[in-house]
Structures are given as structure tokens and as C-alpha cells.
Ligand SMILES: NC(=O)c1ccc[n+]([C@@H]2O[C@H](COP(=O)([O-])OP(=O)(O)OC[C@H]3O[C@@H](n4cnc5c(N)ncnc54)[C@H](OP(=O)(O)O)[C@@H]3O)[C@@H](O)[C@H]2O)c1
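Just one chain follows, in the form predicted on its own, and it is written as C-alpha cells.
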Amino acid sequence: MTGASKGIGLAVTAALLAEGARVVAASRKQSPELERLAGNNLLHVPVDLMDPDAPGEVVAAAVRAFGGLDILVNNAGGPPPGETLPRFSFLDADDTAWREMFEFNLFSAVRAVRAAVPVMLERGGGSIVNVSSVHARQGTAINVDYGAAKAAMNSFGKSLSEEFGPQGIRVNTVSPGPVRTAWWTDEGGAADVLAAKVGADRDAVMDTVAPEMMNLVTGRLADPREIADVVVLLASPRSASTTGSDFVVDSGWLKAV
């Protein structure tokens, strides 16, 4: 489980633990919320997924601690460490920004899968869930580099399902829309950036302005637990015949059939 210390990753970690799973939670830092979940079934591995060796280290830690690996959730994503989103134009991101975006949002998952698949094959199969974004399916002038990385993530998952599905490894994607996570709520995060852009306060942005700008059918940003519920379902045997699919949880943002 990558990106486990907050937001969607924290919610998925809690939901997996509630289902009786043993979880290796990877994040750069521990968080008070993750610490509160501590127990025999949870191992925190402090890694920076911008390091090419980090995903393999997480998989190796799972094998050492729990004897194998049945589920991989690639959740780490969003702004790379030290970056602030949203960006409002393609011209706002240079080559370095593009490289870092792909390192964090795509290549970290590629490396985790590369390490996990042999371990899963030894155990007869498993489930991989990649957390993508609706930006993969709907191009906008905002966060162009992020959307491109997530579109690649969706294609990556589909290809993996074709190769490894016959060998017992299911691969699915969950594409959230706007979710009330630290991306929005942190000081200097998306709510503050957008508030400065439109001349509103940060709470109004999250409660009203952003849902109206994005024409969200539900009228609100999603809760991380709503994403976690879908991830856990896809990870479980209850989705034994589901592979190569992309599940959108976006408060009704996408309008296309």
C-alpha cells in the first residue's frame, strides 16, 4: 500500500485492516493517523517513492514480514514532493516538472508492479489496484502533466491485466475525481491556490466554489473512505471476475457515456 499516511491511502489502509488483511504501509513519513492504526497486522515502511529502489524495498518488506504478497495498491500520486498543484496552463510545467510528475505518478507504480508480480505468481495470483484519476479520461488545461501520467497509468493497468490475468493476477484501476484530502486541505494546497485565483476563502472553495466549477452532480468533494471502499472491493475475492476495468468515483464529474 503506497502513499498510506494520509488521504485515500490512509483510508484504504484502515479499510483493509478492518477486513482482516495484513498491511505494509509505505510513505515518506509516519502520520498521527497512521500511528493510531498500529498493531500486529500493520507494518510501516518509510520510503521516498521518487527513489527507484523504494518500491522493491516495500515489496521485500512485505515478504519478510508476512511471507508473501497477495494485494498491491499503488496509491501514491498527486503533486511530487515539493510541488504545488493545480497548474493552470501547459506552459507552467517545464521538463523537470514533467519528469518528476511521471516518476511519482507512473514509474513508482511500474517499479512496484515489477517487484510484486513474481511474488504473486509464486503464490498463484493476486490483485493489483492502481489509483488513477478522472484527469486520465478527461483532458483539461489544468494539471496537463498529471493527466498525462494518469492516462498512462490506465493504459498500463489494462496491459497488465491482459498479460497476467490468465496467470491469476487481476489488475484494475480506480479513478477518483476531486477528493477532500491533503492535496486540497493542506496550507498552500489546491484550496489556497484556487482561492487566490478566484478571490474566495479556502473553505468556500472546497464547500462551494470547486464543486460548482467542476459541475459535480453530488455537489461536494468525495470522502477518501468512498474511494477506499471501491479499492477494497476490487482487492477482494468478491471481484474475482473483474479485471482490466477502470472504476470512476468522481462525484459525477465525468459526463460522457
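We number the residues from 1 along the sequence you see. All of these numbers come straight from a predicted model, not from anything done at the bench.
Below: the form predicted in complex with this ligand, not depicted.
Remark: N143 does not count among the residues lining this ligand in the model of the complex, judged by a heavy atom distance of 4.5 Å or less. Looking at P81, you'd find a heavy atom of it within 4.5 angstroms of this ligand in the model of the complex.
Although the partner is absent here, K29 lies within 4.5 Å of this ligand in the model of the complex, judged by heavy atoms. Heavy atoms of S5 reach within 4.5 Å of this ligand in the model of the complex, making it an interface residue. Contact with this ligand, judged by heavy atoms within 4.5 Å in the model of the complex, is confined among 90-98, 118-126, 179-187, 155-163 to 179-187. This chain lacks the partner; the member of V171, A149, A76, A112 within 4.5 angstroms of this ligand in the model of the complex by a non-hydrogen atom is A76. A heavy atom within 4.5 Å of this ligand in the model of the complex is found for one listed residue only; from L49, A191, A228, V59, this is L49. If you take 88-105 and check each residue for a heavy atom within 4.5 Å of this ligand in the model of the complex, you get F104, N105, in sequence order.
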